Ligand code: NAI
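Listed next as structure tokens is one chain, alone, in the form predicted on its own.
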């Protein structure tokens, strides 16, 4: 196709996940003609295999725990068991309703939705079957896939999170390979559903990207729940057996279980899509961009999981909106990676935004101060019978640069924490705000009161 081919659209988006559909919808809203190409289902991994179905599983797990532990609250109830097909029907109902709503949005905004496998060919041209879409701008948003390890063959009792979603009954025992976000979430679900769970993690601690205090609290809580931890343990091999799978670790230790759930991260889906042939710079499978999501090819952007950084749906969503506005000439502010909120929905939940203590020390040296507010001093947390903390990281006589929280439902507090960090609030600024009583939100308020030199119910 010659470089001078007449554009068919202002924006052609390759990939219909969070980043892709957000870009197409915002572009259409701004009066640009947009095409959206998706080979699978609109909504991508997040809606169909990631965020939404896994969080529905986690809510079902919370309900199971509530029934199991009801007597602690003076309620006589028993848990007869978990009907996994029933859980699946509930989960699929949630996904279906959201999928239909998204399809309606794309249709109402008059986005040219093209179902099929697209490939970048030549200058700003995406080919889907016998159709050629030429954009004044092209946005690459092809997402990610569940990684495995070299020599680890998937199948039977060895599966990724995709396979775990297809289970029809709860296994009696599960080995989770990987102690990152996906690993601890599935470990939490399986334990709540009644399985014996062991997490194998090569790094010295779980959720290693989080502040070490968070890892310590999570590990303590998981051990209390009966989840076995093998941190600092390197995987060597996995062998299917008549009754499940045997996992061998470096050093010779062997573990057996019904299922091995491989949760070693997600890789960028960029292979075989023509990116490099079109001149797009790729490193280790990831598309390299500048802070404005521009690739090495003029007029070609990239968003979401294929861009190095946090692989989170809301990051891709925000990048998609940013790119649409950039193309429309609105000159939006680039996304600040450290201001992106992070939530891990295991029990207890982890929620964080901004810098860890180590990252802050690297940036600000000995000017860093921290404070931990124990949830033991928070009325609503006592009502919920959860333990954990709010940890604040600030620059001395300066703004709060990091908020790290552990405890049931603490993910719901990340909104205010994000505002605090993003707007560079000082502890005194937040301490002056009223936080409703009794809420877990008070824990944020009291932590800032203590950091501002006015500790009231502070526990350490």
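Quantities reported herein were computed from a predicted structural model and do not represent experimental measurements. Numbering follows the first chain given and starts at 1.
Same protein, other form: the form predicted together with the ligand, not shown, and the subject of what follows.
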Counting any heavy atom within 4.5 Å as contact, can you tell me which stretch out of 322-330, 234-242, 133-141, 284-292 lines the ligand in the model of the complex? 234-242
Can you pick the one in 307, 182, 164, 259 that has a heavy atom within 4.5 Å of the ligand in the model of the complex? 182
Consider the chain as shown here, without its partner, and state which of 343, 340, 255, 128 has a heavy atom within 4.5 Å of the ligand in the model of the complex. 343
Indicate whether the candidate residues 372, 391 and 455 are all in contact with the ligand in the model of the complex, with contact defined as any heavy atom within 4.5 Å. no
Would residue 178 count as a contact of the ligand in the model of the complex, using a 4.5 angstroms cut-off between non-hydrogen atoms? yes
Please tell me whether any heavy atom belonging to residue 202 falls inside 4.5 Å of a heavy atom of the ligand, as the geometry stands in the model of the complex. yes
Residue 312 near the ligand in the model of the complex, any heavy atom under 4.5 Å? yes
Would you classify residue 384 as touching the ligand in the model of the complex, given a 4.5 Å non-hydrogen atom cut-off? no
Of 248-279, which residues get within 4.5 Å of the ligand in the model of the complex if you count heavy atoms? 263, 264, 265, 266
